[in-house]
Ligand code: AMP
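In the form predicted on its own, a lone chain appears below as structure tokens.
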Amino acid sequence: MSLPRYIDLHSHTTESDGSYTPEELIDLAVRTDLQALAITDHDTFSGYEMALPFARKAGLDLVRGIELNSRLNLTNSDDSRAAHLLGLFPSREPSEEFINWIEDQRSDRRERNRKLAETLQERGVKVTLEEAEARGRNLTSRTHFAQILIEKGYVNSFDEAFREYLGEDAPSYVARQSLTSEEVIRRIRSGGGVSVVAHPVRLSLSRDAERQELVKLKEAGLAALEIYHSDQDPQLQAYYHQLAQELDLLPTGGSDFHGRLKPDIDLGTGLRGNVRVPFEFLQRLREFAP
């Protein structure tokens, strides 16, 4: 009797903030014996496109995906949250309109990075946008700024870099001018994709507030919830699985693999084996996809 094979619907390459090239990621997925993989780089499909010929040669089921920033305005409150949404395209190509919008998002990201570099310099941290972009290649993120902070001795780890300088609670944090979560969900849907709330635990909401916001997003067209994620322990996974069932949201899952930038996270299995995503999840997404 053969052992069950699993999938990973959340991963990154060097085309955004991962450390593995698209070819290297496909090789790792094959060696890990994954049945399917989604590449979900931030604001770009180029990692998927570069990986596709290698996946076809290896016989790996490769899913086009993308990770997008959004602003979740909380109900009956002036507060908001930065909410990451995955757009998965398991059965069709994204529309030309969606591709063009993604290009605009990349321009917004560069403007945020310019302001971030200025803010760090105002705090006496000698980091330039050009240095970060040299590491970011196709797309520059806060992770690339964190690399420089470590190299220059301002911090000792990525966790410290985000805690002291780059995270949402850090004094030098610069938020992107993101669209609302509802609008990003509508764009994913009209572009031919399936929208997913990624790592919901990072919203840092009470369970009642979390449910309320997910109901609101479902009304806007939200399709799925990321049940399995490296940040979510088995107890949280069970909770999110039940919540998805109650709200009639499809379950998804992935490691959020970044390679050497998050060395404790393994492709396919997450943090110390806490991620095991069945192929059934992808089958259901394909049945649902427009």
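Residue numbers here begin at 1 and follow the sequence given. Computed from a prediction, not measured in an experiment: that's the story for all the values here.
Quick note: we don't show the form predicted together with the named molecule, though the next part is all about it.
- The named molecule in the predicted bound form is approached by Ser141, whose closest heavy atom lies within 4.5 angstroms of it.
- Interface membership of Phe98, defined by any non-hydrogen atom within 4.5 Å of the named molecule in the predicted bound form, is ruled out.
- In the predicted bound form, at least one heavy atom of Phe162 sits within 4.5 Å of the named molecule.
- Taking the partner from elsewhere, Tyr154 is found to have every heavy atom lying beyond 4.5 Å of the named molecule in the predicted bound form.
- The stretch that touches the named molecule in the predicted bound form, counting heavy atoms within 4.5 Å, is 257-265, out of 257-265, 220-228, 54-62, 244-252.
- In the predicted bound form, the residues of 107-125 lying within 4.5 Å of the named molecule by at least one heavy atom are, in order, Arg109, Arg112.
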